[in-house]
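A lone chain, given as structure tokens: the form predicted alone.
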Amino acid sequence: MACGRRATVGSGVIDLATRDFYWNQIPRDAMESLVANAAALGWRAALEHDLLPRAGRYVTDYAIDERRADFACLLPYPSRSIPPASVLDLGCGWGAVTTGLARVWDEVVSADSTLETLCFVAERLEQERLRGVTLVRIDPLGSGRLPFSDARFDAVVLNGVLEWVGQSRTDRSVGEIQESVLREARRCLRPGGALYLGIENRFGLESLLGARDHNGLRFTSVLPRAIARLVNRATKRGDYRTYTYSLRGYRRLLRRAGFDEISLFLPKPSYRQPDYILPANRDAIAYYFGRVSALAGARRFAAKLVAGCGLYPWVADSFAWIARVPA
């Protein structure tokens, strides 16, 4: 089911984009080869053959792992049958979240701006024999309005996406673009529906200790934005536009976008591949670090101390937000 640069309904992808766009962990020609091999060898074999040598084991496992959709337990699943329970996966990437959602939801609409990526997902869904999924190519999320009607979905998913949307254009501030994307997501939600936002904490403990930011540098997420921009430019990485926020910063951003009922959960070890999703309360966090966490030694002691003081949500490495629309 490999398809060319011009998508049609017959290729398995509905093309609603107004311009060509490409983003992926591997170059476009390599991605085209991967799509062809997915049809010839199977989607898993294609990832091992074409993605693994170029992007490494972590990215390959990330592309495969349907556990990335385990946050679906937090989403409101309507009891009605008409219209069918519908979820929108924005920035579906390799399709791991889409396939996980498709095993539960009646209808999944998966949108991305890269045609080759969607062609791969089409092959993956076909080989997994999953139905009820519509693949849609859209313009980058920062470009403006989503091509979906008001109150179309019961849930909208932004999993590892919001931090990247500021790179799609430079004529508006990153905060304005991110707020606009969240407003569009809210517009598409039915009464009682919810947005899921999986994303890093700007002041997560790993970031404070020097984990690399989305630009490949250390500490830029925790620096003031103006200084982060200077560091980015000095290292020839262009402007700094992959913004993440603090716990309080995300609440403010979601409220500005029109969400009122906002709940925080803490995915462990991260939102990317969660093994556990904790309510952000002291008892749940203390139990996790006391009985479940694999941390040892000084790191375990420090985590238990921070959790016992009720401070852990402020320095958790990543967040899972549920923002609801009133019923």
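Everything numeric in this text was worked out from a predicted model, so none of it was measured. Residues carry their position along the shown sequence, with the first being 1.
In what follows, reference is made to the form predicted in complex with a small molecule, a form of this protein that is not presented.
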| field | All of 281, 306 and 314 within 4.5 Å of the small molecule in the predicted bound form, heavy atom check | value | no
| query | Heavy atoms within 4.5 Å of the small molecule in the predicted bound form: which stretch among 215-223, 78-86, 100-108, 163-171? | reply | 163-171
| remark: The one residue among 113, 180, 207, 232 placing a heavy atom within 4.5 Å of the small molecule in the predicted bound form is 113
| Contact assignment for the small molecule in the predicted bound form, among 135, 254, 141, 197, heavy atom within 4.5 Å | 141
| Proximity of residue 93 to the small molecule in the predicted bound form, heavy atoms at 4.5 Å | yes
| task | Would you please decide whether residue 201 lies within 4.5 angstroms of the small molecule in the predicted bound form, comparing each non-hydrogen atom pair? | result | no
| message | With a cut-off of 4.5 Å between heavy atoms, is residue 62 one of the residues that contacts the small molecule in the predicted bound form? | response | yes
